[in-house]
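Next up: a single chain in structure tokens, the form predicted alone.
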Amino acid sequence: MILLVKVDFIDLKERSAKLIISDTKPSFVNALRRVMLADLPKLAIEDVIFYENTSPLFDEIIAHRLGMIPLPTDLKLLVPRDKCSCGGKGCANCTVRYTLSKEGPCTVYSGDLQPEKETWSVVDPNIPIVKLFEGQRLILEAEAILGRGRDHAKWQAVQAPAYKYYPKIEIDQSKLDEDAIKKCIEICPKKILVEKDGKLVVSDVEKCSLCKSCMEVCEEGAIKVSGDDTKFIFKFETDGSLKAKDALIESARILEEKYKDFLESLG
């Protein structure tokens, strides 16, 4: 079974993407959304060894904050620890190590985490961890491993993946007078309905939220707003651990593997 869909990018940045997925069904785009949230691997700190912590915060709180710091994730270099040839002991193929040593007075930031290799430096160095006062110290070692969002939020690389039906707006100009056109323009929350040469037209259909407010103020049949259930606007953001394009490609690969496993299980 081969599933072919059409993908067009509206906007693609390093940490966010907006695209149109066509020739498919809601079940597919929702499955892609769920894979991004639950199954996409990401590097995050899992184990922390504290050598000295005289800060105002308990070890557990600092460890949790460290775990939530976005780390650069290279899925070509790393494998999950439970699938590594080291047997879970922690080697360069499955584990990235960091050290931190600070003495107050100062604020400890994410950028104070020193990786074993410069390529593993934190994505955002300006995340505050704890404030140290005079004479207070924080000395620790941390190990980061690959994980998935289904196990903990710290392994969730993608935030707010969402989709909506591609809007379809049909306008019957014969049922719209000057007053009706004015009402439609005023009530549209996205301001995408405009007047052009005495007619009501749509300036940017993709911004339509499908609220159908315009249908309520016009004569029945003058405007019809609906969603195309074979075409969707899909958007998401990442925390910087993965580039948006890489997150999308890897999520699609994971979803493909899930489809294959399901088909095999059916015999």
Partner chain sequence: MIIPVRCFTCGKVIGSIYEEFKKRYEEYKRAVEAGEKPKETPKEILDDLGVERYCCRRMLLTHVDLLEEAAPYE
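All values derive from a computational prediction rather than experimental measurement. Numbering follows the first chain given and starts at 1.
This protein has a second form, the form predicted together with its partner chain, left out of what is shown; the following refers to that one.
For the options Asp47, Glu237, Glu206, Asp39, the one in contact with its partner chain in the model of the complex, meaning a heavy atom within 4.5 Å, is Glu237. Using a 4.5 Å cut-off to its partner chain in the model of the complex, not one of Cys84, Gly104 and Gln114 places a heavy atom inside that distance.
Heavy atoms of Pro56 reach within 4.5 Å of its partner chain in the model of the complex, making it an interface residue.
The closest heavy atom approach of Ile192 to its partner chain in the model of the complex falls outside 4.5 Å. For Pro80, no non-hydrogen atom is located within 4.5 Å of its partner chain in the model of the complex, even though that partner is not displayed. Shown alone here, Ile127 lies within 4.5 Å of its partner chain in the model of the complex, counting heavy atoms only. Annotated contact segment (heavy atom within 4.5 Å of its partner chain in the model of the complex): 66 to 74, selected among 225 to 233, 22 to 30, 196 to 204, 66 to 74.
In the model of the complex, Gln156, Gln159, Ala160 are the residues of 147 to 186 with at least one heavy atom within 4.5 Å of its partner chain, listed from first to last.
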